[in-house]
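What follows is a single chain, given as structure tokens, in the form predicted on its own.
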Amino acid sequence: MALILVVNAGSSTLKYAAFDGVRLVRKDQVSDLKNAGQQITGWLSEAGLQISEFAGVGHRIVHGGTKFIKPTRVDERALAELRGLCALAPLHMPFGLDVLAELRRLIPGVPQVACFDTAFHAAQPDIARRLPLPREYHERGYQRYGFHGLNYEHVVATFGEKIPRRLLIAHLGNGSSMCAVLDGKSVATTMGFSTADGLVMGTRSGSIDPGVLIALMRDEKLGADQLEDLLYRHSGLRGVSGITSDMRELLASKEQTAVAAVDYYCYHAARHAGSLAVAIGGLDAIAFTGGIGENSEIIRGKILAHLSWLPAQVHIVQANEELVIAKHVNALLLQ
């Protein structure tokens, strides 16, 4: 089996892992997103590994647009096309692609494979992907894409042949979304055109009345950049609480605004869950994953309390996007 390096550049952390085939050798994560290449090479050196030993590098890339719907070896042309998608996921894409470009420079000739969070949702039916805009905008790429697909793929694989037919997966973390899975396939999901849609998140707004955005532009004189900054970096739990985006800190706080933010998060997550249940005709099971979903019994309980009318088995699945990426890189290397 080949040594595979996996790099997962998220919105708040940089995770990296070394695999021998699909066997995990070493894994780590940092919240310092600077000098990624140096951090990775130094980390490998500590483990007695050299970056030149690796047969391939897999990257989590959040957005693949309409073209990139399966793992892809990245060359200069593909990298340029992916940079054109940065505006669709401004918290993730620039950093993720910068890391990819840096590793292409550090180890030229070693395949760099992009694995896309949007790919798991690419086969959703048109009724789930289309936005209610004139058709010409749909043809230009204004449509629902969905995200967190690599981890949804992992959760589905974890169930194997025993996967519930109607499964709701709740990926809850600094970025949060839910996905309705029918017979192992994505049918509907809460994130849409961008990673700011759907559930309330750490600093992202989630679903919001478009009329509010128009009013903010017209009445508060916010430009596009200011609006993007507001919706992606200053809203969500941080905005509602006025304290922090960290769920652990909010749960530990007795401040009224902290309590209100937690309740708001859970209430709206349950409302989205109810909507997704419609897409698959009910629920057989709910799987919680992601940092909050896996670790916070309080949050799971509050969400499930709103869904007591919709009985379903409850599972907790540890997120593992890195393993999915390693599998994809291995498969491409064998072609």
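Residue numbers here begin at 1 and follow the sequence given. These numbers were taken from a predicted model, which means no experiment stands behind them.
If you look for the form predicted in complex with a small molecule, you will not find it shown, but the lines that follow are about it.
Asks: With the partner left out of view, is Leu251 within 4.5 angstroms of the small molecule in the model of the complex by any non-hydrogen atom?
Replies: Yes.
Asks: May I ask you to state whether Thr41 is within 4.5 Å of the small molecule in the model of the complex, using heavy atom distances?
Replies: Output for Thr41 is no: heavy atoms all beyond 4.5 Å of the small molecule.
Asks: Can you tell me if Ala273 lies within 4.5 angstroms of the small molecule in the model of the complex, counting non-hydrogen atoms only?
Replies: Looking in the model of the complex, residue contacts with the small molecule do not include Ala273, since no heavy atom lies within 4.5 Å.
Asks: Contact between Ala196 and the small molecule in the model of the complex at 4.5 Å, heavy atoms?
Replies: Looking in the model of the complex, residue contacts with the small molecule do not include Ala196, since no heavy atom lies within 4.5 Å.
Asks: Just one of Gln124, Ser205, Asn174, Thr72 has a heavy atom within 4.5 Å of the small molecule in the model of the complex. Which one?
Replies: None of the other options qualify; the answer is Asn174.
Asks: Glu81, Asp246, Asp98, Asp183: which sits within 4.5 Å of the small molecule in the model of the complex by any heavy atom?
Replies: Partner contact (heavy atom, 4.5 Å) among the options: Asp246.
Asks: Of 295 to 303, 44 to 52, 280 to 288, 62 to 70, which is the one stretch near the small molecule in the model of the complex, taking non-hydrogen atoms within 4.5 angstroms as near?
Replies: Careful reading of the contacts points to 295 to 303.
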